[in-house]
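A lone chain, given as structure tokens: the form predicted alone.
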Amino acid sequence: MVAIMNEALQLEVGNKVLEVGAGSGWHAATIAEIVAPSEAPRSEWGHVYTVEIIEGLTEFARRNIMKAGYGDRVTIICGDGSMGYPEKAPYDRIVVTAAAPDIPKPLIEQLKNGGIMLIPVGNIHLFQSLIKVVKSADGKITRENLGGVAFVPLTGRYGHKL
């Protein structure tokens, strides 16, 4: 799923990426390897900002990212990812790794014109659709359903009420 999502995001060196749901840090590390590869000059590097709502997972992801050598390319924030991370917006790419009841408005607002977002949308009973959101150069939003997926529910202000 990580590979499918990374490919659908059309990641490029230099992209600034927001990930909602850090988990173990694995997905953020794979994104960092694409947007800020170690062989590219640092001046060309992008960056991954990943927001995790569960404090214990935030620390787990932070330790894993540091051990794997991505601490200079990935920033892990403990907070409500359904609100995005406006401090570093706008983002070239946004990836959400938990299923939302609908696409959170703050994430659309924080997506740069010309940007791409992937988000599973659906109910909490482990059937959702992976939605690819493209924001055109003039800010118009288009959505494409990439098929059925099963993710844990997104929590927070714009997530599921559990």
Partner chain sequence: MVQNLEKDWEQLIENLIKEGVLRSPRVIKAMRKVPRTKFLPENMRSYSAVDTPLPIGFGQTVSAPHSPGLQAGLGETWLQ
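The shown structure was predicted, so the numbers you read here are calculated from the model rather than taken from an experiment. Residue numbers count along the first chain shown, from 1.
There is another form of the same protein, the form predicted together with the partner chain; it is not shown, and what comes next is about it.
Visitor: Mark D138 yes when one of its heavy atoms lies within 4.5 Å of a heavy atom of the partner chain in the predicted bound form, and no otherwise.
Guide: Taking the distances in the predicted bound form, the answer for D138 is no, it never comes within 4.5 Å of the partner chain.
Visitor: Would G56 count as touching the partner chain in the predicted bound form under a 4.5 Å heavy atom rule?
Guide: G56: contacts the partner chain in the predicted bound form.
Visitor: In the predicted bound form, is there a heavy atom of the partner chain that lies within 4.5 Å of any heavy atom of Q110, even though the partner is absent here?
Guide: Because no heavy atom of Q110 falls inside 4.5 Å of the partner chain in the predicted bound form, the answer is no.
Visitor: Any of the heavy atoms of A29 lying within 4.5 Å of the partner chain in the predicted bound form?
Guide: Heavy-atom contact with the partner chain at 4.5 Å: present for A29.
Visitor: Flag this candidate site as yes only if V13, I34 and L146 all have a heavy atom within 4.5 Å of the partner chain in the predicted bound form; otherwise mark no.
Guide: Answer is yes for this spot.
Visitor: For the stretch 1-19, which residues lie within 4.5 Å of the partner chain in the predicted bound form by non-hydrogen atom distance?
Guide: Those in contact are M1, V2, A3, I4, N6, E7, L11, E12, V13.
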